[in-house]
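Only one chain is shown below, in structure tokens, and it's the form predicted on its own.
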């Protein structure tokens, strides 16, 4: 058993106003009645069979946030009771995700730490006549279990003697029987209206190498058996679970009561459902295995590592978890709300820079040859302490292709033949010529003149034009690639058997030949920026010196609804 404190950022209490919810109300009442001697001790118990997603982030924020705010403790415990699906890769990723979100655990444990104790507890129940070895296979058990409206039937092995059950269970542990040939079941009530109480399986025979215990065990505890007893051993006060475990609570209580051990309180809350994605680990794993995404950390995935790679901040996810709240009612949250939490955070912290994703060359005919000006550019207007930087300006620039129209529609206030716009931080220019490729007819070069009296910040700059566009000096531009991400699915609820048919074919667009300002030449992975007028971008983990790759984290505003309406 370990008790390692995680390194990482510590979030002080009061970072944001604490929103009251029914879980906190239960804890408040327990503190008033001194139910747990004034203690608050929670735990976050993921199974290491995949990478955590945004739904787990809600649970992380709830459990660790309660421990922080009540000056209590929160354990990180890995529910590693199924060796066929669990790997150390997932353990390590979960540790990283919890720390990245800004939380420290007070103890790191594994259900496998308690395999010996759980075995002894099982022997105790057998001796009490509360557990028995059953020879039925899974299908036979299912036939006798009954339905929601009809009671089940007793196993023909239910009345074995205590001595026979002890002998068989010890021989199960010793490896004398084939996988799946026998189970240990709790002896409760096959007529219970709660199906979970109809003699549930506690142990199954399973020969599989465990990522921590190796081949020491060939019997493994079921989740319902390991869960409550692990909570009890650790002294957990409030065992906070998602709503699907509400019907399992009577079983949780039955086990600890029959054993006569310390009794934590299980509390259930509604899990997070998010539009335009799937939250099932099984389906997320299928996306990875089928090559529909480029791994668990693909920026289109709702995994915490995917969100991190895309450019999400831990602060925005914590804010999202706080704002959606905790309730007993199932609901679906619009992913646009998560994106808005991100925009609000990045607006405060992301430096502004200029980048051109689809460049077209612009030449200022009357600008002096060989002259380079260093223009003052504000790093972040929302943060007065962010300062400013110098941006080079010269005769030849790059602007966005979309910022020019040869035949502009009404209310188009960007550049067009004969029109004027202001170049961000620079001058007012007027388009005087267009050069096209003779074969394709594509515009390859724009010619403009500039008004030298209209430099931004000068007294004469007060002359107004309706449009302002961004640019990058061609001589100083740094080459980059952009990955433009969109929703992974093109419907709000990609459910059902044909869920993969709703995958969005335009969820990733690779844009090469981008030009960014020279201040980004040495940008490092995970650094976030606002590309002015384009959106928020993050340096991808694949970036290397001389090979810049930016992921679009989120647009400056939600364009999805507009696209949908115009489609």
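Positions refer to the first chain, counted from 1. Owing to the predicted nature of the structure, the values given are computational and were not obtained by experimental measurement.
Just so it is clear, the following notes concern the form predicted together with the RNA, a form of the same protein that is not shown.
Out of the listed residues 149, 289, 385, 440, 149 is the one that sits within 4.5 Å of the RNA in the predicted bound form by at least one heavy atom.
Comment: the RNA is not present in this chain, but in the predicted bound form one of 221, 302, 314, 228 has a heavy atom within 4.5 Å of it, namely 221. Taking the partner from the other structure, the RNA in the predicted bound form has a heavy atom within 4.5 Å of a heavy atom of residue 456.
Contact annotation for residue 180: at least one heavy atom lies within 4.5 Å of the RNA in the predicted bound form. At a distance threshold of 4.5 angstroms between non-hydrogen atoms, residue 173 is out of contact with the RNA in the predicted bound form. At the 4.5 Å threshold, heavy atoms of residue 21 reach the RNA in the predicted bound form.
Annotated contact segment (heavy atom within 4.5 Å of the RNA in the predicted bound form): 464-472, selected among 153-161, 464-472, 233-241, 358-366. At a distance of at most 4.5 angstroms from the RNA in the predicted bound form, all three residues 333, 411 and 422 contribute at least one non-hydrogen atom. Contact residues in stretch 109-123 (any heavy atom within 4.5 Å of the RNA, taken in the predicted bound form) are absent; none meets the cut-off.
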